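As structure tokens, one chain now follows by itself in the form predicted alone.
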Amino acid sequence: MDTHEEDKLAPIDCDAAFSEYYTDPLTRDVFLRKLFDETAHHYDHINRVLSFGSGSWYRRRELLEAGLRPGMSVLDVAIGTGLVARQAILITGEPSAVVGLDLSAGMLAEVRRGLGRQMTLIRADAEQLPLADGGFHLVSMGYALRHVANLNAALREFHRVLKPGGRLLILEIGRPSSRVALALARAYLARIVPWLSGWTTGSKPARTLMRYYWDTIEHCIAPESILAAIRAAGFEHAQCGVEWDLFRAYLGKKSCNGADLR
């Protein structure tokens, strides 16, 4: 696969099953920004419905297993309402050590309300990070890989802004491999969660968000392709941990050129 072909790689096929949401890549960007802006103030509630309240300890555990420690710096890409960033702050002990980035102004406004103004927040695209090379010990992304248009470009940017020896952590929900698990996930995530989200919030966009959420999960590229893209971006020791045939944690490490990350 040459560089031109790699640059076409996207986590989901926008033309496959998303015509009810948007018609082309340009309208996709407009749709996503509007959808996340409209649902930002409901997002934490929706997450509690989705995860049964288990999300905080899981995020914290995965950050620790990725190597995050006090004194380290973090770039949280697609910060949303700050669900991963909150746990990163608890681990590092310093809000100013965590930088949050998102395309949605609505989501960034929720972070400011929830985490105050000690964090640096940036409205920007994951594929074009407005940040200097080698500035962070860890880059995290929580449940947003499927919303990136250009997977390879984003991963190369994550690699660029990491210090030598820096770590990558991408949390995702993947399409279950077994028929039983897939049927259960589809029933819960494609039907029950959208209905509950709309009913408990009174928000039609909240229901649309969760229907779209499942559609992107079901049509996301295979974990093997994501791991291959992580390696192609220059990361070493790429691996994917799986729980309940649904939750996935992708890890990678930037070469430390003979020096270990401390």
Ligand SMILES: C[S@@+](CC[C@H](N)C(=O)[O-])C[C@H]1O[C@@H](n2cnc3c(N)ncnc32)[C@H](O)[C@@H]1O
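Each residue number is its position in the shown sequence, starting from 1. The shown structure was predicted, so the numbers you read here are calculated from the model rather than taken from an experiment.
This next part talks about the form predicted together with the ligand, which is not shown.
Under a 4.5 angstroms non-hydrogen atom cutoff, the ligand in the predicted bound form has Ala124 among its neighbouring residues. Residue contact with the ligand in the predicted bound form: Asn47 places a heavy atom within 4.5 Å of it.
Contact annotation for Ser104: at least one heavy atom lies within 4.5 Å of the ligand in the predicted bound form. Proximity of Gly80 to the ligand in the predicted bound form falls within the 4.5 Å heavy atom cutoff. For the three marked residues, Phe36, Gly142 and Val148, a heavy atom of each sits within 4.5 Å of the ligand in the predicted bound form. Note that among 233 to 241, 219 to 227, 197 to 205, 39 to 47, the stretch whose heavy atoms approach the ligand to within 4.5 Å in the predicted bound form is 39 to 47.
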